[in-house]
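Quick heads-up: it's one chain on its own, the form predicted on its own, in structure tokens.
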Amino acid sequence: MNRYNNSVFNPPILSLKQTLQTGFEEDIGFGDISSAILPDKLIKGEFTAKAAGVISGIDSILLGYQILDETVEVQYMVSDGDRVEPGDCIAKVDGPVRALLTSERVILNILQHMSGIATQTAMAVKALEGSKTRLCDTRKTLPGLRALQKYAVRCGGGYNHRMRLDDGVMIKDNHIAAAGSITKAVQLARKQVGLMVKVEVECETESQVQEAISAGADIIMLDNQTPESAKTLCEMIPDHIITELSGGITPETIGTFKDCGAHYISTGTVTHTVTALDISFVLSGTVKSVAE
């Protein structure tokens, strides 16, 4: 399952290219008439961090330029997963001024968004330090951006939950109601999926946990728990079953769950409730105010 793949250095290049292409088509229209007034000359520029955080999506810089003008040269000063401080240079570029300015906003939007996810993930991971509990994401991602957002989570030190609906069986409250019981839902799943597919069951009560154990669940997700109730339920579950906590856990509260004994805590806040990392692009010779 994807939750066990924490490879930071395997960026989703195809998704990055597709997102950049879509972004340019949306942003440029029939042409960048602001940059068209400029002389066609070579110039240098820098991407610089204006806030502390973790970088993700660095490849969007080179890939973006390759789409518009392959003559642009890029020198990376950091890698995905690296932490930066305000004023740190992320990348230096050299190329035609029109290409640099036309591509600026789309590249920054992707780089800032992915870095914001990596930064928030890193904060949540830090809150779990000293425990064996790992942070993982959810499917609460923007359509078309899932591969990028989940990669950004890995850059921040988190792990991926299901990438898609065909990535594993997750039996939630609605599935249980439709099937008739946890036991029936698990039995139906076992009849239809292969031996490589794990079955996860969402539980909120002690009786549901006991039924999920008896039914042979591979993973039990404890939903909407307090730290105290989560700890009690985790202690009931045999070691061979993976335990996961979810539901209402935020970056502010995640640290209170670190000693519950769960293998994973999943939260959608690392992808759907993030602030973009402040990054600027400035051409050589540009005059910025002190406030900048």
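When you see a residue number, it is the position in the sequence shown, counting from 1. All values derive from a computational prediction rather than experimental measurement.
The following text describes the form predicted in complex with another copy of the chain, which does not appear among the structures shown.
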property	result
Close approach of V197 to another copy of the chain in the model of the complex, 4.5 Å, heavy atom	yes
Partner proximity in the model of the complex: T71 to another copy of the chain, non-hydrogen atom cutoff 4.5 Å	yes
Touches another copy of the chain in the model of the complex: G247 (any heavy atom, 4.5 Å)	no
In the model of the complex, N160 touching another copy of the chain (heavy atom, 4.5 Å)	yes
Which of 73-81, 145-153, 124-132, 206-214 lines the interface with another copy of the chain in the model of the complex (heavy atom within 4.5 Å)	145-153
Contact set, 158-182 vs another copy of the chain in the model of the complex - heavy atom within 4.5 angstroms	Y159, N160, H161, R162, M163, R164, L165, D166, D167, G168, V169, M170, I171, N174, H175, A178, A179
